[in-house]
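Okay, here we've got a single chain as structure tokens, the form predicted alone, with questions on binding and movement later.
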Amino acid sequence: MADEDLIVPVAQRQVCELDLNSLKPPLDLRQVFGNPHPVSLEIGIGKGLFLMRSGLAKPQENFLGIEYARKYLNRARERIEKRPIRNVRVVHAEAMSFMQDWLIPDSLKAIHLYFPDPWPKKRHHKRRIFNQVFLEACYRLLVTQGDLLIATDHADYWAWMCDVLAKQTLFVPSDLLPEPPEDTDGLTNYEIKYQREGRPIFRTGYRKP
């Protein structure tokens, strides 16, 4: 039986959600995880599939996830806590505010942005998280040679991302792409759904030089 299928008894489960109301910024990630292992951040964790699989597959790394939608965070939290995972933490927060207020420079190994809300209507484009300000925040938080990994199914948003990336000078293209783990059908639940619908998936990776 794979670790993904193991279920931890309720009494032995570890709480993975950080209560920001009981903490003061910025976070000490070594204290949060209880070790000095490198930390990766996922922005918009949805139902937590990527975090769950990453935490199980890479016990010598730590994973932190942000989710603004409480109903999805609750599902992700349950998914993670009922399995033997000790290296994943999640927070209920708005992504940009959390990145700016709670994390210190040069503290992350990687930042994962998978299937963010495309805000497809033109009047809503200003709500898209992917812009120059977002890239500057990522650059501040990533260590040297840290990775920014991105995936979307939305062609218009992909064109928007490519335009932003073409104009920026902080990051360089990387050969590392956000590919699903071997023998799985997607990085996230969204990707699994979109693949089944036959939608193309756009991926790219950039690195802090």
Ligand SMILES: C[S@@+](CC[C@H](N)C(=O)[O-])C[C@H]1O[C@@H](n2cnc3c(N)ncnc32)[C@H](O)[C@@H]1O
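We number the residues from 1 along the sequence you see. Not measured: the values here are computed from a predicted model.
A second form of this protein, the form predicted in complex with this ligand, is not displayed here; the remarks below concern that form.
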Contact test in the model of the complex: L51 vs this ligand, heavy atoms, 4.5 Å: no
Counting only non-hydrogen atoms and a 4.5 angstroms cut-off, does E94 reach this ligand in the model of the complex? yes
Examine A69 and determine whether its closest non-hydrogen atom to this ligand in the model of the complex is within 4.5 angstroms. yes
Spell out, yes or no, whether the shortest heavy atom distance between D147 and this ligand in the model of the complex is within 4.5 Å. no
Looking at 137-145, 27-35, 43-51, 173-181, which one sits within 4.5 Å of this ligand in the model of the complex if you count heavy atoms only? 43-51
Give, in sequence order, every residue of 123-140 that has a heavy atom within 4.5 Å of this ligand in the model of the complex, or say none if there are no such residues. I129
